[in-house]
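What follows is one chain in structure tokens, specifically the form predicted on its own.
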């Protein structure tokens, strides 16, 4: 069972020595417990949202001079009394103050317990609570914006509107069941069909948005592949603008994958430099080539690089045919353009769209970055649409869609009780996303992934 009666305490800032550390208390007795070890103005008599300078005292021993922030219920993150102690960032001081609070009646908070209490007390719904963790973990502008939009309730509001409309029809069908013997129809079937079509389209659009939303949240897996000595590692270095990979004229220098993060216009791309694709000459190289193929199969974007002055049209087309996989976008990049004249460049063998670069001289690298961004994002990101980024939400939406499809399939010939069952299932799965329907196991699974102190 989830407990809310205790007052909990934890460090709210990262572990390690810093200028300050913030210790957070939340619970009915938070202010009373803080007052027991406080020397300064009486905290129990101060207004909410005020700061106070004073000292933390353990008996006759002064632990630190601190600034204390007061948030009186319900005007706090958890809707409970909250006290935040800003002390000096010594590990010894922080641990001593936390132990002192525990000695005086608090207990150590579990992972995500402050946000769990915010959810249980109605400050946030479940999808907003999950957005808190996403916001903390965001590492690009786009992922930060999506998490912030969800935290502000954009996704929740859209789902609530859909749910409210379904609830209205569900209640009418339930009314029909109460008057079943009189054969009365309260829910207009044509209106229900139209509404279900509309909601199914919206749900389908949200499901389709997951591919983009997940890419923005976790980064786009992008593999750089090609034959040995095509300039893959040089290209990685050029994209990152640093000497990350060892570059050599000797074919097969890269034996294992090298992974780095590249941010383009607020989107993270997880660049993976791979071993050259060819018949391996030894066991180690064979393992490297196998890993290359595995990484390609796991990627969303493949940058195929070839030496513009060396490869034949037959080998080029063979590589492209062998590497192209369903669901993977491929960019074809002709490298070492600095070694070719205009006539040679015009006669490049690949007839599709080719991006011509010189990784060594860093020619057209910005153009390639633009193409990488477009290949992954295109015109999908406007800043206004709702994007699904959470696999739990995706699965609930898929189950909602399945239930609604059953409603559409049976709306003209099944009885009201069967329609009611399917509509209730759709409502159940929508409710799982926002937390209108929850279990202790579900909540513990979600909040256990949070950092302690949040």
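Numbering follows the first chain given and starts at 1. This structure is a prediction, so every number in the text was calculated from the model and none was measured.
We do not show the form predicted in complex with a further copy of the same chain, though everything after this point is about it.
- In the predicted bound form, a further copy of the same chain lies farther than 4.5 Å from every heavy atom of residue 315.
- Interface membership of residue 398, defined by any non-hydrogen atom within 4.5 Å of a further copy of the same chain in the predicted bound form, is ruled out.
- Using a 4.5 Å cutoff between non-hydrogen atoms, residue 294 does not count as a contact of a further copy of the same chain in the predicted bound form.
- By the criterion of a heavy atom within 4.5 Å, residue 44 is excluded from the residues contacting a further copy of the same chain in the predicted bound form.
- When a further copy of the same chain is considered in the predicted bound form, only one residue from 170, 162, 93, 111 comes within 4.5 Å through any heavy atom, namely 93.
- A single residue from the set 369, 79, 88, 362 has any heavy atom within 4.5 angstroms of a further copy of the same chain in the predicted bound form; that residue is 88.
- None of 63-71, 388-396, 419-427, 29-37 except one has non-hydrogen atoms within 4.5 angstroms of a further copy of the same chain in the predicted bound form; the exception is 63-71.
- The three residues 221, 240 and 336 each lack any heavy atom within 4.5 Å of a further copy of the same chain in the predicted bound form.
- Contacts between stretch 7-40 and a further copy of the same chain, counted in the predicted bound form as any heavy atom lying within 4.5 Å, involve 12, 13, 14, 15, 16, 17, 18, 19, 20, 22, 24, listed in sequence order.
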